[in-house]
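Have a look below at one chain only, the form predicted on its own, in structure tokens format.
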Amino acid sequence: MSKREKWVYALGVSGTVLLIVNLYRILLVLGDEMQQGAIYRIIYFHVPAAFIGWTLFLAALVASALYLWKKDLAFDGFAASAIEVGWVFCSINLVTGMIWGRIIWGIWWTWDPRLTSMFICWLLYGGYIVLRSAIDDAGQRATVSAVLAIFAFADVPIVFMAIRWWRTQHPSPVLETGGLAPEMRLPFWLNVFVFLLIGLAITLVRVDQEDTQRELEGLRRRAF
């Protein structure tokens, strides 16, 4: 078993165990919120998913810049892997937000600055994934992908700051306004940590797949 595989198992198993323990606390121990009722629990998945998605997009930004500097396809493979996993977390954030909005606001979607900027983020990185599948040449694919990854990240600070820059329907940051009760903070931050562990484990699996695909492409070029 390689060192990377050991990390995958360690991160995956740790994340899964902690998630099960935390889900028990979130679903069965904590009471309902006074104004929102049971639906408030979605915050334990909605916000951590955004945090991890943005973290992986940041990692992809760094890896993409390193690829443009070093021209090492390993950086391109890591960036692609991080963006694919980050895009999944971004999708989780959007879906859980829509479910919460349907219960609390009575609508699935509104063109609020925070929601709109997050949707644009989802589209940009989704476009990155589609673009990679459309370019056959590895070097050209890596260069175009790196430029797009750097460009797309410009939207991440806009998403983060949207509720601070504009008047929005989206709730104010509960972590800054003290809206999170003391008994809710530990399970919240634990879920952030859990999502990070699981996100890293999946990213490492995708990195391994990218490495294998790169080796196969190299063998194919030498054969033909």
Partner chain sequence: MRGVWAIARKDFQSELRSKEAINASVSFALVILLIFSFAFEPTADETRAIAGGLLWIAFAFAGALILNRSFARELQNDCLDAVIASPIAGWELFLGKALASFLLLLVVELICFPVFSIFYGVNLTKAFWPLLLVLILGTWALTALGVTFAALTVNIRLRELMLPLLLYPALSPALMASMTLTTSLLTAGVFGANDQPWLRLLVGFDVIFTALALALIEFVLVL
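None of the values given here were measured: they were computed from a predicted structure. Residue numbers count along the first chain shown, from 1.
The same protein also exists as the form predicted in complex with its partner chain; that form is not shown, yet it is the one meant from here on.
Using a 4.5 angstroms threshold between heavy atoms, K71 counts as touching its partner chain in the model of the complex. A residue is said to contact a partner when one of its heavy atoms sits within 4.5 Å of a partner heavy atom; W189 fails this definition for its partner chain in the model of the complex, lying far away. Under a 4.5 angstroms non-hydrogen atom cutoff, its partner chain in the model of the complex has T143 among its neighbouring residues. In the model of the complex, its partner chain sits within 4.5 Å of a heavy atom of F151. Relative to its partner chain in the model of the complex, residues V8, S91 and V95 are all farther than 4.5 Å at every heavy atom. The partner is absent here; in the model of the complex, the one residue of I42, L197, I158, M184 having a heavy atom within 4.5 Å of its partner chain is I158.
Contact residues in stretch 99-121 (any heavy atom within 4.5 Å of its partner chain, taken in the model of the complex) are limited to I120.
Cα of W54 to Cα of F160: at least 3 Å longer in the model of the complex than in the shown structure.
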